[in-house]
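Take a look at this single chain, the form predicted on its own, given in structure tokens.
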């Protein structure tokens, strides 16, 4: 059996606030296989971004992280910040959600990409400039020299995102974490970004952890899927299995809420919202929103996910209730942004 490129075991993230300790991630475990894409899926507030920042070691000073983060045989969670720093940018790259908030507005795109190159690799200024041009060209900028002289406000959202991708890839990482890389982009630009990610992955044999709430992105990009709800992992498995037959009611609700180009039916939004983190209940946290809840749901179903990498943290299998699920071979997989 192939050793996972990244393996997260019993990860827990809490934040100290004025109102007390707030839990963001509670005991999740998953792995990213070499050369594959794992999509971490869930609504905003599920704990996806906190998970990514924990892996990168970029949580704030008020955060506490427990568990193991095994990357290329090293437990990153056991390292000090100084020991972990060489991994960031070199072996681990990250594309952040908002490029306009992440890019420095007073530096040109070229300066920012070149800085990333020089910090991660020992190159002369001239070599770093040439590498910057190559990176921008690889990001499908037709005039990389001109783009290098421009500032973030002079570029479109999609161009800024591609510049962020160049920065993330400057150190030639083996694992790329992409946090909602297509947020706030129009559907055409989304398709371009996803296509570029797939091409780069194939060329560089990258492993990708892609964080998203967009199920069209999942259908287009994922080899494997892990679904989060209220800080917990509720379902995981190969993308084909999750898309064809979602077993957890939350996953099924996400699928039903997505517009489908192959169906005349309107999407059905889920009722309610995520519970407050200070008031997470015992038992299944999705229970108040679940149309299939019954007595057993008052017990914690997380035990069902403890010893498996494929499964659902649900006492009742949605597929056995006769619920329909989208087919992985439906047109939505071929048109991920037409929604």
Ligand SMILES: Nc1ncnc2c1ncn2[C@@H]1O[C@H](COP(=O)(O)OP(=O)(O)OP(=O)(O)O)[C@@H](O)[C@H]1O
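Fair warning: this is a prediction, and the values are worked out from it, not measured in the lab. Numbering follows the first chain given and starts at 1.
We do not show the form predicted together with this ligand, though everything after this point is about it.
- Put simply, residue 244 is far from this ligand in the predicted complex: not one heavy atom of it is within 4.5 Å.
- In the predicted complex, no heavy atom of residue 32 sits within 4.5 Å of this ligand.
- Residue contact check for residue 204: none of its heavy atoms lie within 4.5 Å of this ligand in the predicted complex.
- Contact annotation: residue 24 falls within 4.5 Å of this ligand in the predicted complex, judged by heavy atom distances.
- Remark: all three candidate residues (17, 46 and 49) come within 4.5 Å of this ligand in the predicted complex, counting heavy atoms only.
- The single contact residue among 213, 256, 137, 88, judged by any heavy atom lying within 4.5 Å of this ligand in the predicted complex, is 213.
- Here is the short version: of 72, 131, 192, 180, the single residue with a heavy atom within 4.5 Å of this ligand in the predicted complex is 180.
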